[in-house]
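Form predicted on its own, single chain, as structure tokens, below.
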Amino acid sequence: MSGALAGKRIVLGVSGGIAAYKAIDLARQLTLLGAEVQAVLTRSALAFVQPLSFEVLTGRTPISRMFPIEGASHPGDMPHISLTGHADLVVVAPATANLIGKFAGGIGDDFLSTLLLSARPPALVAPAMNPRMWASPAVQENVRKLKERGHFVMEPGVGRMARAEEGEGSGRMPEPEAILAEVLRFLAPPHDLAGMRLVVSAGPTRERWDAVRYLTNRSSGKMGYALAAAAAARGAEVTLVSGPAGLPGPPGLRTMRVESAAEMREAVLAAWKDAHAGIMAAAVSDYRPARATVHKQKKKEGPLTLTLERTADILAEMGKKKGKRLLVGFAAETGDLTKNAKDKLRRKGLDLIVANLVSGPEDAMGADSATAILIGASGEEEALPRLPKDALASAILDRLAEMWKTHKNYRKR
């Protein structure tokens, strides 16, 4: 696939520590998003990970020695200078206390530390060390120096450390997904949705049947929020219509909060009137109680019968009124994923559908990452690997941007 990081050149520095194994997954995720990744491993890192793992995933031989100069394309080449000169971003993960100290102190005694001396800010540094080391005044002073020079040092994660007797503390390397999100933020996406008025729906809905109880689903809203934030970063004027997701509204865009399917329909259709495109990521309840009571229903002997009635089909209604507008929907399925998604695409009049499984090991609902199949109106399919939802949002918006380019006449509206 093209990917949100297509054509971006990233140097991934890996220093020694048990967290080095996480750098393998980070290299994989960066490569899946289209980045050209050059791994640089310190001698200490080789005690924890093997260069072959990075080579298989990135297609490039990692650099792990200063002499003879690895990666040199011809005699006299100095990769520790040329790599940073051509890189879009230098990422160090994990960054040990030793590596951070050398970076801050201007010491270059191996390939990675020498490379960092020529790195233009901001380099992205993901610390990993014992909590007591992270809290030490010396390490904190070195971190302060790097920040003052314009580099970005992530806050370490909090959790159980490698040594059981240490318990939990702040010092864990941030998870690869968190580092990937920062990479995506630094390598800003193109402004290819500028001028688009976009409505995005997100989260679940709640259908009340008495004063305290309601019907709902497992949707977290993470996918819709990621889409709204990423679209705004790419220049779109976004209205986010959110069910009760419990997430903070992304900055810089209009967020409308609703609860029931009826409230979501009203808010979405109001925003749809003046929109160029819509992405309906919300998991809207298909049914609601036929009769809701204002008082809490008391527990009684025997079974309870709850009569349900259909809610409005918001996506189908938008499709009927679509005209030249672009409409993207989601298909959350437990089986026959492609077949059911294509049927929904046709019935709802969509331009693109995102098909997810919501059961088994690939369950996307409520998760931080998901696999997906993107299916276009003409039936073309693009299967995406499991990605953080921020990255999946970028892939979906890549397709929307392609369609947006062909709507030149409509864009003048």
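Throughout, rigid core stands for the largest set of C-alpha atoms superposing within 1.5 Å between the two forms. Position 1 is the first residue in the sequence shown; the rest follow in order. Remember, predicted model here, so these are calculated numbers, not experimental data.
FYI, the form predicted together with a small molecule isn't displayed, but the following is about it.
Asker: Check each of Ala261, Ala202, Met129, Val91 and return the one that places a heavy atom within 4.5 angstroms of the small molecule in the predicted complex.
Answerer: After the contact test, the surviving option is Met129.
Asker: Could you tell me which one of Leu180, Ala226, Leu99, Ala282 places a heavy atom within 4.5 Å of the small molecule in the predicted complex?
Answerer: After the contact test, the surviving option is Leu99.
Asker: Given that the partner is absent here, does Leu117 sit within 4.5 Å of the small molecule in the predicted complex, heavy atoms only?
Answerer: Leu117: no, not in contact with the small molecule in the predicted complex.
Asker: With a cut-off of 4.5 Å between heavy atoms, is Met133 one of the residues that contacts the small molecule in the predicted complex?
Answerer: Met133: yes, in contact with the small molecule in the predicted complex.
Asker: I'd like to know whether Gln29 contacts the small molecule in the predicted complex, with contact meaning heavy atoms within 4.5 angstroms.
Answerer: Answer no; every heavy atom of Gln29 is more than 4.5 Å from the small molecule in the predicted complex.
Asker: Please tell me whether any heavy atom belonging to Ser53 falls inside 4.5 Å of a heavy atom of the small molecule, as the geometry stands in the predicted complex.
Answerer: Looking in the predicted complex, residue contacts with the small molecule do not include Ser53, since no heavy atom lies within 4.5 Å.
Asker: Partner absent here, but in the predicted complex, which of 306-314, 282-290, 102-110, 203-211 has residues with a heavy atom within 4.5 Å of the small molecule?
Answerer: Looking at the other structure, the answer is 102-110.
Asker: If you line up the core, does Arg386 shift 2 angstroms or more at its C-alpha between the shown form and the other one?
Answerer: The answer is no, as the C-alpha of Arg386 shifts between the shown form and the other one by less than 2 Å after core alignment.
Asker: If I superpose the two forms on their rigid core, does the C-alpha of Lys102 end up displaced by 2 Å or more between the shown form and the other one?
Answerer: Yes, its C-alpha moves 2 Å or more.
Asker: Taking the rigid core as reference, does the Cα of Ser44 move 2 Å or more between the shown form and the other one?
Answerer: Moves: yes, 2 Å or greater.
Asker: Tell me whether Ala19 and Leu392 end up closer or farther apart in the predicted complex, going by their C-alpha atoms; the shift is 3 Å or more.
Answerer: Residues separate in the predicted complex, at least 3 Å farther apart.
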